[in-house]
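Only one chain is given next, in structure tokens, and it is the form predicted on its own.
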Amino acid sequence: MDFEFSQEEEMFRQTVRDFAQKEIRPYTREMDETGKLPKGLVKKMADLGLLGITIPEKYGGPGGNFMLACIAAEELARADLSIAIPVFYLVEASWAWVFARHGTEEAKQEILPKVAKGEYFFGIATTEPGGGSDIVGATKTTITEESDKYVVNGEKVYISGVRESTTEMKGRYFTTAYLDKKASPKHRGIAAFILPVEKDTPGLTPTLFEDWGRMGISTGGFAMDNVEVPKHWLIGDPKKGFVYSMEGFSAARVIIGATCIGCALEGLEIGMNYIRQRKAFGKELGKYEGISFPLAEWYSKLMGDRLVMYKAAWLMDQVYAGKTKYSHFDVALWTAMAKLRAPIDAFGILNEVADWHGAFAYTKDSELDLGIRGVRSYSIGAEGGMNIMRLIIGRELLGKEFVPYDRPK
């Protein structure tokens, strides 16, 4: 076992840190108030190789692995406590990776180089109005094969990047729909494909929601009325859309863990700097056990979360490169643990640090509100709610017979 980062990883971390602190940190409050990313930032991130970081070099990407992806996510979140930019980053890092694994060669050549350049936003669209994590039971959207294309009808909601995809960029979304509603088991009827989301996509009607956190990236949805999709944009085996989705969720969950940990680390740093200097009754706050003991507890929890997260990233890299005896079920277990604990503990840490600051934390001169509102999105349900994580962990510990559904194979 080696708990050291390699020299390459340390250099990469420092590069991302320098970039993020210079190009992102000064604009976090502005993003929160305007709901927009700083002008030119997407291009700068692309130039640094941060967009679609896991896209293979063959398709114009950096060819990074999940260890590097998580290192970058940590540093981006330390600069942007609202985690808007990390959200923009992580959906591309995870879902473009799935597409690169299973998409047709023609589609990958068309789409992935433009994602890496920042010309296309690559998102994920599986959630529907009738439900979130239950893709099999809640999906009503259908995709129908015609002579020279597929036609999609339905609705998707709580989707990141809808405004960006229909204004300054063009969107390409990993999307799921029923191709065969009579399939048995049902999950074999779900296909995955790339959906074009642009300002003038025929038959597509976008909707925007107003969130109360991570304001720099939009959340919305779209209705699809006979939206046409090229046949070669179908992803992999048409019977494995559900399986590909689960791969993508594992990838997203580990990067979410890194994002929340980065935000929490920065929150603790802000808090420690404050309690070293601020005095009450003639003593620095850090000398009072009522503050230093919670610091010790939270830091210990966070370091445990961080180890779990990097173990999950390591497993992703090993399993999907075929270098280990572990399976995708082991990946599902560890990424679920990373997603379960990091958002909850990050939220707790930021609230604790706010208490240390007193009334100042309740003003917009503090950054803490950005993080409190941002990380909460990941314990509410993005990429699977907390009980879904617990269900996955329990399933892998007890066995498939201890779940309330048929386990897809």
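Here the structure is a predicted model, which is why all the values come from computation and not from measurement. We number the residues from 1 along the sequence you see.
FYI, the form predicted together with a small molecule isn't displayed, but the following is about it.
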Since the chain is shown here on its own, which stretch among 68-76, 121-129, 313-321, 183-191 would lie within 4.5 Å of the small molecule in the predicted bound form, judged by heavy atoms?
121-129
Using 4.5 Å between non-hydrogen atoms, is T28 touching the small molecule in the predicted bound form?
no
Mark T219 yes when one of its heavy atoms lies within 4.5 Å of a heavy atom of the small molecule in the predicted bound form, and no otherwise.
yes
S245: touches the small molecule in the predicted bound form, heavy atom cutoff 4.5 angstroms
no
S133, heavy atom within 4.5 angstroms of the small molecule in the predicted bound form
yes
Contact with the small molecule in the predicted bound form, heavy atom within 4.5 Å, among G381, G348, G60, G49 goes to G381
